[in-house]
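This document opens with one chain alone, in structure tokens, the form predicted on its own.
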Amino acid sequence: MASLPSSPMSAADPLAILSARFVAAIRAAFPDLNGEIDPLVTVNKNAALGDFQSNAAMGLSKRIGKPPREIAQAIVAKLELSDIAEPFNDKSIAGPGFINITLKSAALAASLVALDTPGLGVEQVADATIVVDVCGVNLAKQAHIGHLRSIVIGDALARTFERQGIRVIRQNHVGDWGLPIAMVTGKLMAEQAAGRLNPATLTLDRLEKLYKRAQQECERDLAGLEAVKKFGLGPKALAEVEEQVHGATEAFTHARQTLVRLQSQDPATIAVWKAIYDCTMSDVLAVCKRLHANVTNEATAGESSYADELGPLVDDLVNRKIAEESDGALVVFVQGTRTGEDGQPIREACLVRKSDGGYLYATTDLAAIRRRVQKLGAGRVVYAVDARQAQHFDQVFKAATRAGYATILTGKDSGAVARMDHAAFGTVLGKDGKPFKTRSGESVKLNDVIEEAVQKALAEVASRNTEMPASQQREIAEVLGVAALKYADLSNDRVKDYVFDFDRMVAFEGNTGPYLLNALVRIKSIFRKASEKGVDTNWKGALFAPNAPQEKTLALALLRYPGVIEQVADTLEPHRMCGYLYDVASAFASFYEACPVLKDDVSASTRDARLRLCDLTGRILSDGLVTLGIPPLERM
């Protein structure tokens, strides 16, 4: 197999090699065929017919104007697979034109050898930088269930890029600036002045309560005032509502004054803001660490870090006539995703400055794109953000492109526009099909969710390991619970909503994190038993011998690994990795049941070949889990 032409995915991947061979055969059989050719090679669903199947003849029938079976015969006549596949026979073309291929055991073994390297066949990408927007919490608020997806999806994507050797810069775009933050800063300063609070001993629970109270105090009941006047509810009701509106107006005015002091870097105001920042971020980063998500203080670049750039950025847009006035505001017009009656895209306004002179999320995001592409050197920027922000990011990406802020300035891609992707994700739902909330309607704290997952995992671990010390049970449960939580999220198609179910996610059976970790633990136990039996390490140089059907199925699954890494990186869909790892674990379970490894009646050569296959399986399972951000376990 080593002599075969390398594929764009991996020299060890039979699927890629077969696809390339089929394309060459189709072009040789039909030289007048124009356009792209999809060989439609897939793993055969019916293993009795072969390992792989091509359905290209069906799709080519209309283009070529011949029956599919006749096309299939012409393709087979030009196919050169003698080095990797068994000879074709009368059953190789099935039905209307399906072409079945059975790989030679020796060729499959050679592919496994090519895969069995320190890098597991994953192609490394040189000279590339990707920025991943991850986490994105707001000051004075605890991380809640809504942040879970941004953290774990963003981190998994960053790890996937890093697995390819790409330089990855994580950016935690914290909401730490603007009027809402000024409200809570002013409230905290008032509490401090009254002697009711010491910022040095501030807790996030207390801070969150102050944040909500500050917002309530600034919210004027204008609708209530209008109702009192409209329905003539009397002077007492009118006085009460007018007092509330007056008080809220004063509170709002005070918040605006606090914002001015923040923007002018008033030392006392900045000191209180810094206390709010430190209190929030220490808690949030601790949650990320507990989730095994690589989000650090160094990776944090909040809205405040762009504050001095917004005015000059808007001036630049105006001076170059990119932005224009509309109803007193400044906007950048872009082509929207919707089309009008004439079939042309409807022009949409990306608002960059309000009529009162205030800036918006879009303004900050434009500044962020400019920094990430033109200062940090990103050729690709990925945003792991809620799907409800789809229109916002569509507008911002187009505005950044139009303004030239997404243009790469240096390197081999100088002058090109950086790739900007919104890795949108759906909502976490409760069993009632509504967004997951507490009984009181509050957002569920993420740390509480993690702890409950750990407690459920602890109950499982304790019931299975009654003799294990409690401290060790807790250590295992911590990893297992977090793995269950993360895998339950990542294994779902990210664009879809999913129902949160503790009991299902911590199950040791089915497509769950514990099931995959258990498969890996089982493999490690095989090698512990081999050591106990005195088996030496000669198996490391053993020849692969995938002869039994279960061995072959497992081998074929392992060989898909490099391609899966590429698919996840391209599509930004971590559930592809989850599905793949589940396939590997399931194939290993079948292999484990049907192919004894350490039994006394197994020959040394077979034992060593199977030990090497087990080792490769374990390394791929471990590597895939770590790429998802799930650390492996030695014992369960």
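Note that residue numbering follows the sequence shown and begins at 1. Here the structure is a predicted model, which means the values were calculated and not measured.
A second form of this protein, the form predicted in complex with the RNA, is not displayed here; the remarks below concern that form.
Peer 1: What is the one choice in A143, L554, V184, V461 with a heavy atom within 4.5 Å of the RNA in the predicted complex?
Peer 2: Contact residue from the list: V461.
Peer 1: Exactly one residue in R206, R213, R290, K354 has a non-hydrogen atom within 4.5 Å of the RNA in the predicted complex; which is it?
Peer 2: The residue in contact is K354.
Peer 1: Would you confirm whether the three residues D327, Y498 and V521 all fall within 4.5 Å of the RNA in the predicted complex, going by non-hydrogen atoms?
Peer 2: Contact check passed for all of D327, Y498 and V521.
Peer 1: Find out whether any non-hydrogen atom of A589 is located within 4.5 angstroms of the RNA in the predicted complex, and reply yes or no.
Peer 2: Within the cut-off, so yes.
Peer 1: Answer yes if any heavy atom of A349 is within 4.5 Å of a heavy atom of the RNA in the predicted complex; otherwise answer no.
Peer 2: Contact check for A349: yes, within 4.5 Å of the RNA in the predicted complex.
Peer 1: Please check if L480 has a heavy atom lying within 4.5 Å of any heavy atom of the RNA in the predicted complex.
Peer 2: Contact check for L480: yes, within 4.5 Å of the RNA in the predicted complex.
Peer 1: How about E442 - does it come within 4.5 Å of the RNA in the predicted complex, if we only consider non-hydrogen atoms?
Peer 2: Outside the cut-off, so no.
Peer 1: Looking at heavy atoms inside 4.5 Å, which stretch does the RNA contact in the predicted complex, given the options 538-546, 111-119, 319-327, 162-170?
Peer 2: That would be stretch 319-327.
Peer 1: Any residue of 510-546 with a heavy atom within 4.5 Å of the RNA in the predicted complex counts; write them all down in order.
Peer 2: The stretch touches the partner through G510, Y515, N518, V521, R522, S525, I526, R528, K529.
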